[in-house]
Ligand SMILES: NC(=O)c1ccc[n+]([C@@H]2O[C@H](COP(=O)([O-])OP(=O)(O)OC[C@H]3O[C@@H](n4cnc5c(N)ncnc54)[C@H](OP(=O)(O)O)[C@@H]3O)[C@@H](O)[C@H]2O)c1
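Given next, in structure tokens, is a single chain: the form predicted alone.
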């Protein structure tokens, strides 16, 4: 991705944007989050089955930190082995359809949409029509942008991997985080009795999300001989695997979903150990991949429109504040989702 430094190019930013370019947050090599700068890049062209969206808001998550840093190295299979292929952070978006490809059937210019693509911290982005859906009418663009990656991660874990049933006891570790706060609400929508684990400052937030019980991890260890759960969805992985298993019912399911807190060989061991152990125990120990698709984005939209799912926004930043927003996410202190406002609707 070639970014023009318009301040030294002899051409104004306004002129370049008007002539088929756009503003975007860019990086041309892996490294510090401080490498991100605001630049001018070519406006993306549209494929046959793609829509181009004028981005009003882009939500961030910890995967964006990994993509900018190029770590863990496994990330580079998708983002580029030696250099970033795209060079613009962001996977989630909400905005207005600007143009559609000739084979697009679901959308037309002017539609308000949300969904997933690569490089959403930009004024325009293209996405396959199967990776976007119509924006829930009762959500703002900032709220809608918060839904795709984190909302789908929670939906796929609880509905598809755990197959949560009414009356089951479900524990969400990291219940105030980007994925966790969606997981509390989705588990409730599936009829579960939900326990949320979070810090002291977020107890009221998690209760307000609908959790039946809350555990302050600074005061209590959910693995230390308390209640047992049919499903544990662990977005933190700050307890040993054996300890988490003690908190499960006899045939319980543990879903592990954290890419932080380890690196190198330690990360590899942590990723693989549950999968190696699972065939030899009665517990179902799972990792999973969550990939966006139109039908499940629509499922999130329906939950939002029925007021069973509401994104919690931690903070909203401008494009130029993207590095600070990512540092806030990397600190682990964000409650809910961190959003970048790109265009005013």
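Positions refer to the first chain, counted from 1. Nothing here was measured: the structure is a model prediction, and the numbers come from that model.
Another form exists, predicted in complex with this ligand; not displayed. Remarks below refer to it.
A.B. asks: Tell me, please, which stretch of 81 to 89, 243 to 251, 114 to 122, 148 to 156 lies within 4.5 angstroms of this ligand in the model of the complex when heavy atoms are compared?
C.D. replies: It is the stretch 148 to 156.
A.B. asks: Looking at 130, 223, 258, 140, which is the one with a non-hydrogen atom within 4.5 Å of this ligand in the model of the complex?
C.D. replies: Exactly one listed residue reaches within 4.5 Å, namely 258.
A.B. asks: Pick from 214, 179, 97, 162: which residue has any heavy atom within 4.5 angstroms of this ligand in the model of the complex?
C.D. replies: That would be 179.
A.B. asks: With the partner left out of view, is residue 327 within 4.5 angstroms of this ligand in the model of the complex by any non-hydrogen atom?
C.D. replies: No, residue 327 stays farther than 4.5 Å from this ligand in the model of the complex.
A.B. asks: Under a 4.5 Å heavy atom criterion, is residue 20 part of the interface with this ligand in the model of the complex?
C.D. replies: Taking the distances in the model of the complex, the answer for residue 20 is no, it never comes within 4.5 Å of this ligand.
A.B. asks: Decide whether residue 274 counts as a contact residue for this ligand in the model of the complex under a heavy atom distance cut-off of 4.5 Å.
C.D. replies: No, no contact at 4.5 Å.
A.B. asks: Does at least one non-hydrogen atom of residue 62 fall within 4.5 angstroms of this ligand in the model of the complex?
C.D. replies: Judged by the heavy-atom cut-off of 4.5 Å, residue 62 is in contact with this ligand in the model of the complex.
A.B. asks: Given a 4.5 Å distance limit between heavy atoms, list every residue of 273 to 311 close to this ligand in the model of the complex, or none if there are none.
C.D. replies: Result: 288, 289, 290.
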